[in-house]
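There is one chain below, alone, in structure tokens, taken in the form predicted alone.
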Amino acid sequence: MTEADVLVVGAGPAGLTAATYLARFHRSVLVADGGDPRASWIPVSHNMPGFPAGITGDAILARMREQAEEYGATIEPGRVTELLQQRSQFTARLSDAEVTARAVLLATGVVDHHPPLPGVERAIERALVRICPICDGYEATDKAVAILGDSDMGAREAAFLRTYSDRVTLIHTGPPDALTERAALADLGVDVVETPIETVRLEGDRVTAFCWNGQDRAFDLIYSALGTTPNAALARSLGARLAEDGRLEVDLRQRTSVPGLWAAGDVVRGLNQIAVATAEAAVASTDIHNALRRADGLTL
């Protein structure tokens, strides 16, 4: 497909949900699948609505992809490396092809800053290293939990995890002045250990161990609080307004500051959750369809 009503950039939960909605609106929709969406890292999600026994990230994505294709959405592998706008049309460079679209939905997500530890990818797969306490903090209930951080973001995540356990330790690997909440953490009963990242190691099949000052302490699991980088380069190239954290600012209908450009999911300022991403995609795709209807003279 080289022409579409809507180009959706990103094949994570937001992008695939939008593809289903738009296809069911009888819109031609092309999804650019850049590969390895953030959801694919989920070992098992227990807070995905409708799956009380849990579901893997790969299974979530496979079901969503099947549903979008069932209604006629086209999903192409490749990254959009360039996005231009001229009047009411967008032109995108997707791999070696040029694609034109009347509207674009960005569902490009964010990139997690994983700790630079040997074997961290495997540890994430085994759920020893986790990246979302909102998603799976419940599984940390009454366990020995460590948060790996280099700023006050780690302190905030440690405070959040005190909801689930009274054995919470913050491993601060950044400069001393990057952590300003020591007193508040002490009041919460959170231990603070300040150590370079080089002294941290992963070992064993079920525990994560850290080493500092020649001593070891073992934890049942750790959370990485090292932040993310939004995939907002395409929006930035079009002059879209960004929040202070680099994510996209949108209105209540998921419209960016660029006419014809919508955004949904983790790349948008807000809560990084699949349920939120799919809801934003539903709002965005419905507004896109209605905007195209109005452009075609169907004003009622």
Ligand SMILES: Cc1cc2nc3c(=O)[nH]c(=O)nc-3n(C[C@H](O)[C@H](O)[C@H](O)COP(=O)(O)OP(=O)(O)OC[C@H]3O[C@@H](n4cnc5c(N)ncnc54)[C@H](O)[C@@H]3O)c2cc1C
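Don't overthink the numbering: it's just position in the shown sequence, from 1. Quick caveat: nothing in here was measured; it's all calculated off a predicted structure.
This next part talks about the form predicted in complex with this ligand, which is not shown.
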query	finding
Contact test in the predicted bound form: G109 vs this ligand, heavy atoms, 4.5 Å	yes
Partner proximity in the predicted bound form: D36 to this ligand, non-hydrogen atom cutoff 4.5 Å	yes
Contact flag, T256 vs this ligand in the predicted bound form, heavy atom cut 4.5 Å	no
Close approach of G78 to this ligand in the predicted bound form, 4.5 Å, heavy atom	yes
Segment assignment from 40-48, 237-245, 66-74, 22-30: heavy atom within 4.5 Å of this ligand in the predicted bound form	40-48
Partner contacts in the predicted bound form for 2-16 (non-hydrogen atom within 4.5 angstroms of this ligand)	V9, G10, A11, G12, P13, A14, G15
